[in-house]
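In the block that follows, a single chain appears as structure tokens, in the form predicted on its own.
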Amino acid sequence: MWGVAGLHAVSEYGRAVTASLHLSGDPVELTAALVDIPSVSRDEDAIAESVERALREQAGHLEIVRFGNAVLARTSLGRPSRVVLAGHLDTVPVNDNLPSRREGEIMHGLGTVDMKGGDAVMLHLAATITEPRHDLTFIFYDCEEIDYDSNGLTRLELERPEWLAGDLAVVCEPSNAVVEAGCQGNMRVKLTTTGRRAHTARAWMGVNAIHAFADALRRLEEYTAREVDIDGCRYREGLQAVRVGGGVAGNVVPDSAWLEVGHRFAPDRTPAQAEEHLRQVFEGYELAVVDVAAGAMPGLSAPAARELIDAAGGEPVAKLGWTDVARFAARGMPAVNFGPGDPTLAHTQQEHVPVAQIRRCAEVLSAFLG
């Protein structure tokens, strides 16, 4: 039988402001306890404090370090390999979806999917697996939902990189309790055009910069995205116009315009190769890279990765999106996503997770690690 997750001190708004977390109990109840601690990005003090206190009180076999609002824990048993498990503690802003509530076998609430269900699984493992087959590192970090520079993993990379080292990284982001391998790269580029202003009553005297995008939009409409198979996982690329702007007034032929295009590319391409591809697609247009993040190869041939896949059963699938697995892949580690919840529900008011997925993830990872 799973135990009770913990006791809450509840504010007048019905939101928990402190929690005594029972780590070795039911990870479903532990998920509810975590959800009920509001932790919007940059306001993770309370949840970091609760996680740190629970680990220190209930996981004495671990080395535990508080690093800002990130909480780090690890074993040092001299095992021949190390598995790093990572999960962020923050959420997007509250949208009338706190506190948590349970309807039968479904748990609703902010963070149930992204990603306090995964955090609960990690905390449960940290307390209950005292003799792991691999050395383990647990990273609970802050500010994942905002800019890259604020992300707790960015600080760790700069100041405590040794905590990120291992032979396999498991990021417990939502994946419907299926192993999602690697991740896509992401790039945004801005195309710009120039024209010549004129009064719209005498439009033939000007050159319309917005109209100049007609060919670029046609290329986008006719574009055929690659589908790439890597380690048995199929990555489908994408190319979409995402923003457009230009013009100065309703009676002026615009002399400048811009079009922003988003590109999701398979991890077999580097950012430089993806950029070169887009320059070929939009030949003749001025192009500048606005934002870029490399993808992550799945690396499923690594021994620890194969062990996890065997424990999970079924076949791994490609991660169609970008996650922090890319940070670990950049360090030469195979990295996968494995956590409860449907990622398409992340950031929505309707966030909810089947409790069976929380328990399945805990059971699979326990079999893999324990």
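Heads up: residue numbers just count along the shown sequence, starting at 1. The shown structure was predicted, so the numbers you read here are calculated from the model rather than taken from an experiment.
Not pictured, yet referred to below: the form predicted in complex with another copy of the chain.
When another copy of the chain is considered in the predicted complex, only one residue from 243, 101, 79, 279 comes within 4.5 Å through any heavy atom, namely 243. Out of the listed residues 165, 288, 106, 249, 249 is the one that sits within 4.5 Å of another copy of the chain in the predicted complex by at least one heavy atom. Mapping the unseen interface onto this chain, residue 68 falls outside it, with no heavy atom inside 4.5 Å of another copy of the chain in the predicted complex.
When another copy of the chain is considered in the predicted complex, residue 254 lines it closely, a heavy atom lying within 4.5 Å. Within 4.5 Å of any heavy atom of another copy of the chain in the predicted complex lies no heavy atom of residue 96. The closest heavy atom approach of residue 149 to another copy of the chain in the predicted complex falls outside 4.5 Å. With the partner omitted here, the stretch from 151-159, 81-89, 121-129, 254-262 that lies within 4.5 Å of another copy of the chain by heavy atoms in the predicted complex is 254-262. Contacts with another copy of the chain in the predicted complex, taken as any heavy atom within 4.5 Å, map within 214-236 to 214, 217, 218, 220, 221, 236.
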